[in-house]
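One chain comes next, on its own, written as structure tokens: the form predicted on its own.
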């Protein structure tokens, strides 16, 4: 089996000057918006805070998620009024050519509990294509960004690199969570996890899809996978990874049609440049195929 393909980014020369200019503008706005909310979040990080649940106790939200999203939306609409924004907490706001996907705190459970692996993620889409993205790690200050001309960590060009073989590689994945145990069956899900644990040099479960993919783009991890993500989790990260030379492979997981835009797919495999991980890709594709088949039987 092979993973669903995800088209690579077109070279800058394939875009019109107007599109490239819009892409650069979106990147600048995304970075500035993320920086504008950095200080308020770091000030309350590791303080006592109230936590609410959304779907269940595995899916939490804080007052800071909602307040931060409101600030981000106001900032973006002020800078680029021709925008529609889809946020994790508040849904859709505005209308315009540029569609923004905003996650004010990706990794809320970490943020709420004082674990320093969470981020602000802002991605911009025009005519269905991702044109810019920014991911800010507020604790370390690392800013990952991309537009149609490249990817950067701060001001330095960003280039992905990965160990050639699984036995030498670091994999980031939250699989399986409780939802995966229900969907795939406890025995199958735990067997998948066992194979990944035995195959890779190191497996980590840090808890933020956007920041995990950004780490692959930076070469700090070799691969990442998720099996329950939303567009605001991955839109910015997809472009950053691709522009850094890595590859992103969407998984439909029985929830969207084959051929859907990669940022609309609920699952993914992210690989650093040079990665060839057959066990990993076989397991990930098998999970997606099984869920596609289960959905078809309904």
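Just so we're clear, the structure is a prediction, and the values are computed from it rather than from any experiment. Numbering follows the first chain given and starts at 1.
What comes next is about the form predicted in complex with D-MYO-inositol-1-phosphate, which does not appear here.
K.L.:
Within a 4.5 Å heavy atom cut-off, is residue 207 in contact with D-MYO-inositol-1-phosphate in the model of the complex?
P.N.:
The answer is yes: residue 207 has a heavy atom within 4.5 Å of D-MYO-inositol-1-phosphate.
K.L.:
If we define contact as a non-hydrogen atom of the residue within 4.5 angstroms of the partner, is residue 107 a contact of D-MYO-inositol-1-phosphate in the model of the complex?
P.N.:
Looking in the model of the complex, residue contacts with D-MYO-inositol-1-phosphate include residue 107, since a heavy atom lies within 4.5 Å.
K.L.:
Can any non-hydrogen atom of residue 233 be found within 4.5 angstroms of D-MYO-inositol-1-phosphate in the model of the complex?
P.N.:
Yes.
K.L.:
Indicate whether residue 176 is a 4.5 Å heavy atom neighbour of D-MYO-inositol-1-phosphate in the model of the complex.
P.N.:
No - in the model of the complex, heavy atoms of residue 176 and D-MYO-inositol-1-phosphate never come within 4.5 Å of each other.
K.L.:
At 4.5 Å between heavy atoms, only one of the stretches 137-145, 90-98, 224-232, 69-77 reaches D-MYO-inositol-1-phosphate in the model of the complex; which one is it?
P.N.:
Heavy atoms within 4.5 Å of D-MYO-inositol-1-phosphate in the model of the complex occur in 224-232.
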